[in-house]
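Same chain, two forms, each on its own as structure tokens: structure 1, then structure 2.
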Structure 1
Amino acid sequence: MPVGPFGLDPLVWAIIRLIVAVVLVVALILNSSLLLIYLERKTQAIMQDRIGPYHTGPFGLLQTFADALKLIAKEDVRAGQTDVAFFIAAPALVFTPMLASYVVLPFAPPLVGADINIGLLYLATLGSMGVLGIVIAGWASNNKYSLVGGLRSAGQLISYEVPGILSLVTAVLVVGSLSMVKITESQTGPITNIFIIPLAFATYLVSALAETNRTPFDLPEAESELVAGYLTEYSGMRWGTMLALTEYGNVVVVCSIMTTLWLGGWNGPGVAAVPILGVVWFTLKVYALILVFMWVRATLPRLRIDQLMSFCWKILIPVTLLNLAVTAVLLIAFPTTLLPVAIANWILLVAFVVLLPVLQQRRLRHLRARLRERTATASLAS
């Protein structure tokens, strides 16, 4: 009969490993969320010429811990007409897919939970499961504001999954694998995928901002319109789980995906000699992208729902489809080199950056013309 480490039964050892892994990942998410909340407060304070948290603890370091304790200590309040079972289950349905995503993230050569050959497909599937929890949260609250907020957030997430997945498919075409480890190992040199398919990186970055409900796509937090979206009836740690933990956990996940697919993952100086250094390089790249997310939040205003959906279906999806088609054709025509793909992607990226403001100005001119026509019609009618 086979015996596992420490003389334990293999099944018992597997269960122990699973429990330890789950505890470590949950601790990582909790601590990273607290760190990211503090980092975002300080980053936005610097950008907006403010001080940020500084009362609780040295430099305000304990402020996020105080906020977490406040949420944990709050009474679990539920409205009388909520669907209790689904109302309680919704936070878990939102949090669990994000938690499961950490299984395939390659932090370093010796630190990969599971190297499966469809790791990227696994992550894309988990990313789409959060919609279920959001819709259930809105419906189970038995509140019209929550229901409308849940449906709007679901529409946003489902819509922006399309260009996000198309961007991932473009990267998969170039690399030729769905394994997160093999994708990382294919970028050992200084020329990573961000130099070969930069447009796919830009479109996935925009989609990731929308899928994580970050500004300018943070419709659930549009207080003037929806009070708090699908979170209206939630309080205490349930609210903290659905908003703080899940949002910042998803930010880490999508930044890890971008790091792996476009920035070389754990690769960096010294990793070949000391593989554990991969954790340092991976973390630095992830946090560099997280700072970009925070920079965007401190800079751009929130979009309206019509602007958000129009941008996705009329601009972002056609651009990603065009990029995917051009990349596929060039890979077939030039199977031995990626230079034509890189040249075409940079041309498309420049065109996208230049034409986007032009299209926006054209749309604004049409809106102003329609507004003038309505004003003139109203004046004649009066």
Structure 2
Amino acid sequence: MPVGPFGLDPLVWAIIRLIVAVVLVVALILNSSLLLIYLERKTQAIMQDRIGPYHTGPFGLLQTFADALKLIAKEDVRAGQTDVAFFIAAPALVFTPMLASYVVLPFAPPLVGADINIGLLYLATLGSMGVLGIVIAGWASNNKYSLVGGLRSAGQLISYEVPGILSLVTAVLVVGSLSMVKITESQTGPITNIFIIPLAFATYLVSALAETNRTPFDLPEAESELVAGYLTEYSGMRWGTMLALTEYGNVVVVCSIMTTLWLGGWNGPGVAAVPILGVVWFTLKVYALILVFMWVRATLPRLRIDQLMSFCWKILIPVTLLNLAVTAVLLIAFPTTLLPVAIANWILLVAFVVLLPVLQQRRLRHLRARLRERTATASLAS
């Protein structure tokens, strides 16, 4: 009979390992969400020249803990006409895929839940599952704002999945593996993938912002037009699960994907000697990216829904497709060196950044001219 660690039966050990891992991950998500909300409020405050939370605890650190306690202690309110089963199921449907994503995140060499050979595909799959819960939440709330928010969100998430996955595919082409551990191990040197395929990073960053419903793409929960979108009827811990835990958990997941694919994951000075040090580097990189997300939120205004969709389908998807095609052709043409890919990618990135405002201004000029023409004919007719 085979014997696992600590002289236990392997089957028993597997169950113990599962329970410990789930408890650890839930604790991690809860705490990191609380910390991230505090960080979000503080950075927003600093950028808007305010102080932010400062009453509870040192530097206001305990403010979000107090908020979480309030949410848990709140009465579980449910409006009369809601669809009970779906209303209760929706937060779980949104939360569970996010929770399952943590299985494959490579925190450090000795700290990977499971190194499956399709790790990245698994993450993309789970990312697409959250949509279902959001649509169901919008439907079950029996409220027009919720329904519009849910449908908008589904449209947005499905649309932005395409450029997101295409950017991931570009990175996978360069690395040659879908396993998160192998992707990390391929970038031990100082030249990480962000220097080789910066355009893929930029397009993934934009679609990640959209997929986590962050400003400037937070239309589904646009409070000024849709009350709170699909979250309108939710309160208490159901609201906390859907918004706070899931949104910040998803932000951590997409930032971890970016860290692994483009920033070298756990690699950093001293990791070769002390492998567990990888956690520090990984966390630092993830939080740096999260700070970028918060910076974007403080800077950019919200897009309109038609702008959001046309940006995705008319600009982002063609650009990512072009990038993918160019990368694939160059990888086949020069199988030994990544230099041509890097050069092409940087050129494309610069062209993208420079041409986008020019094209946009031309389009706006054209639209305004047409509008003036139409107003002129309309006033002539009347």
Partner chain sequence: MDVLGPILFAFLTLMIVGGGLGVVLAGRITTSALLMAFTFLNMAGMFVLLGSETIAAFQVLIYVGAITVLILYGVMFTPQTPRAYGLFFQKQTPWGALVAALAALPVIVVAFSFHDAASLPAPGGDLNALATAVFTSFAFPFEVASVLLLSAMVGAIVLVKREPASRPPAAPPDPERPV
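Rigid core (definition): largest C-alpha set, two forms, superposition within 1.5 Å. These numbers come from a predicted model, not from an experiment. Just so we're on the same page, residue numbers count up from 1 along structure 1's sequence.
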Here are two forms of the same chain; which is the form predicted in complex with its partner chain?
2
Residue 22 C-alpha moves between structures 1 and 2 by 2 Å or more, core aligned
no
Give me the C-alpha shift of residue 370 between structures 1 and 2, core superposed, in Å.
4.0
